[in-house]
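Form predicted on its own, single chain, as structure tokens, below.
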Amino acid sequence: MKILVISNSGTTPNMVRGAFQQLNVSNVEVTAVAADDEINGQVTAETCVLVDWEYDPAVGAGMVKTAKESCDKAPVLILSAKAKAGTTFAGMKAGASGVVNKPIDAKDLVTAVAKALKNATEKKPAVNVEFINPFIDATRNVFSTMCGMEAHRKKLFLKDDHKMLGDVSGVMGLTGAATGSVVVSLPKALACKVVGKMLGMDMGAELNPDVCDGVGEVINMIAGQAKAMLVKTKYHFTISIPSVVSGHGHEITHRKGTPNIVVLFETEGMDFALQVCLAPTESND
């Protein structure tokens, strides 16, 4: 197993080596680099790249991008303190597939690396536009009609872990002929702005119960509109009462074995994510 640690600190590569030694994982080669020009030639399809998120987010995202350009099949994970979780959005957009929390827990790191390498070699399921497009259209429509904000789709990808890409997430469970969930995740500043425009009032700059309730209403409207579009397909479903989860690095589990599709949007200079994990129930396949 080959691991490339991109870090401007000599401590982080040693901690990575120590994690594998602690769990008696043998045949692990850990190489450390600190700059973009040291990455090329170091990455292969069998390499897991770990980017230490101590860099400026733009620089860290550049490191992720360079690693993926060097070998697109190589998985990239971000090592980030929870206090910086809100800034890892840039790394995920650049191609990282997950985040591992710092301080590093040996078991969490080893498990994440093994899973990332396994996922990198598995054939990815095709994205079914039959069900994802209605959610994309509903998101654009809700932001336009309810908030007066244009949401532009930037990227779509499959996500492997449960960590969310924002500070607050509205979650809607989906059941019936299709089962799963839909989540909208926003950074704090955007959540306050979206809810403020929706309610026609200044919500301030910090998350509060009113902002969280507003995010719950946003996902309720997105799911409701998508439901109406999918009612005559095998993906028709009923929706639950929305819930809201907040905090840096929060996690939301999704249905095991079902593609977890993330669509990144941009509105007014800020990014947010829509996550859809939905599949027909077995009796409706």
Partner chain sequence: MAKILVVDDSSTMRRIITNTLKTIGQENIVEAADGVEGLATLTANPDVTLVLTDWNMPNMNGLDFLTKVRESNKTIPVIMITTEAEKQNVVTAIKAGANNYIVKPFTPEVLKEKLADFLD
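Numbering follows the first chain given and starts at 1. Nothing here was measured: the structure is a model prediction, and the numbers come from that model.
The form predicted together with the partner chain is left out here; the points below concern that form.
When the partner chain is considered in the predicted complex, residue 41 lies well away from it, no heavy atom lying within 4.5 Å. In the predicted complex, residue 142 approaches the partner chain with a heavy atom inside 4.5 Å.
Put simply, residue 36 is far from the partner chain in the predicted complex: not one heavy atom of it is within 4.5 Å. When the partner chain is considered in the predicted complex, residue 45 lies well away from it, no heavy atom lying within 4.5 Å. The candidate stretches are 145-153, 174-182, 109-117, 70-78, and the one lying within 4.5 Å of the partner chain in the predicted complex by heavy atoms is 145-153. Distance criterion of 4.5 Å from any heavy atom to the partner chain in the predicted complex singles out 221 from the list 221, 61, 244, 32. None of 95, 166, 98, 214 but one reaches within 4.5 angstroms of the partner chain in the predicted complex through a heavy atom, and that residue is 214. Taking the partner chain as it sits in the predicted complex, the stretch 196-219 comes within 4.5 angstroms of it through a non-hydrogen atom at 198, 199, 201, 210, 213, 214, 217.
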